[in-house]
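In structure tokens, the next block holds one chain alone, the form predicted alone.
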């Protein structure tokens, strides 16, 4: 039987936005509509600050799964309408918990209710007790126990002014802010673990993140190019709209190798990358650059080297991983789905012509002297003129 279902979408940070709250809510609603698509039988409404997606039991799970990738959503649950009386709540609760118990030897659960309609004669704790005790009486012999502090399963009930819903287990969302509410940025995306995580961190803070990859196929082959295309595709599940730009970088690297001090190569590469990234960002109305730097993780990420690279641009440079250790970054990459692609064996652009002893405390005046030895502007213009742009 194809019964009615209601998916409750919750947000938290958006609710603190005061007079601008409506702008954030509308962006979130737009993203939900885009994620759910035009097919299927569902309606979306927003009564009193709650987002409700009304559908049927055959489609509810599939629609709910799509919500897991939308920044701005704190959590979501699939629910069913019930009559506003304890007996109806308990009857539906017994059926729902029994389905969850099926195939399990035990389950710790609790009931948590929210009484937004204060005219209902029981308080929220009283609803929890009355419904929970009836469920326990029916299912305790099947291994069901009550655990109010660390339950494995939470049955939620919302008693509203016009309807009452019983919600199945709450699913955690991405959180943060809706994409586009904070503007556009450009992420220097490599094929490694760190930069995709940085991009994700900015996406969930409301940024629309575009990507820039520096390619050196003559020396590295096409593997890195392929990896970055797949990483951008994974990240675009969270925003749908990030454009990938691929810049040929081999001429710049060969020139720096031939004309500059070997120990300065890595920092000089990155200074050129930043200059190119800033021009591309400004051309595309991006308000900042993003990278995957974590302080002290590798030789190029000391304070001195970060300073030497940052001063080549006037745009803000965001480093969301700067204080994270590698384990934290790896865990986040696994959670967002980029880890397995990132660890595929393929050297990145900066590994080409790696010096035996790269500088860890670069001196800006020394770098600037090295940069007078090659036609910087000519190389930048040539690289920008040969960008490959890939729309999502």
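Residue numbers count along the first chain shown, from 1. Bear in mind the structure is a predicted one, so any value in this text is a computation, not a measurement.
This protein has a second form, the form predicted together with adenosine-5'-triphosphate, left out of what is shown; the following refers to that one.
J.: Would you check, heavy atoms only and a 4.5 Å threshold, whether residue 168 touches adenosine-5'-triphosphate in the predicted bound form?
T.: Flag for residue 168 set to no.
J.: Is residue 298 close enough to adenosine-5'-triphosphate in the predicted bound form to count, meaning some heavy atom within 4.5 Å?
T.: Heavy-atom contact with adenosine-5'-triphosphate at 4.5 Å: present for residue 298.
J.: Is there a heavy atom of residue 138 no more than 4.5 Å from a heavy atom of adenosine-5'-triphosphate in the predicted bound form?
T.: No, no contact at 4.5 Å.
J.: Going by a heavy atom distance of 4.5 Å, is residue 292 a contact of adenosine-5'-triphosphate in the predicted bound form?
T.: Yes, residue 292 lies within 4.5 Å of adenosine-5'-triphosphate in the predicted bound form.
J.: So which of 242, 192, 178, 93 gets a non-hydrogen atom within 4.5 Å of adenosine-5'-triphosphate in the predicted bound form?
T.: Answer to the contact question: 192.
J.: Just one of 109, 213, 238, 76 has a heavy atom within 4.5 Å of adenosine-5'-triphosphate in the predicted bound form. Which one?
T.: After the contact test, the surviving option is 213.
J.: Among 284-292, 84-92, 117-125, 143-151, which stretch sits within 4.5 Å of adenosine-5'-triphosphate in the predicted bound form, heavy atoms only?
T.: Going by heavy atoms within 4.5 Å, the stretch is 284-292.
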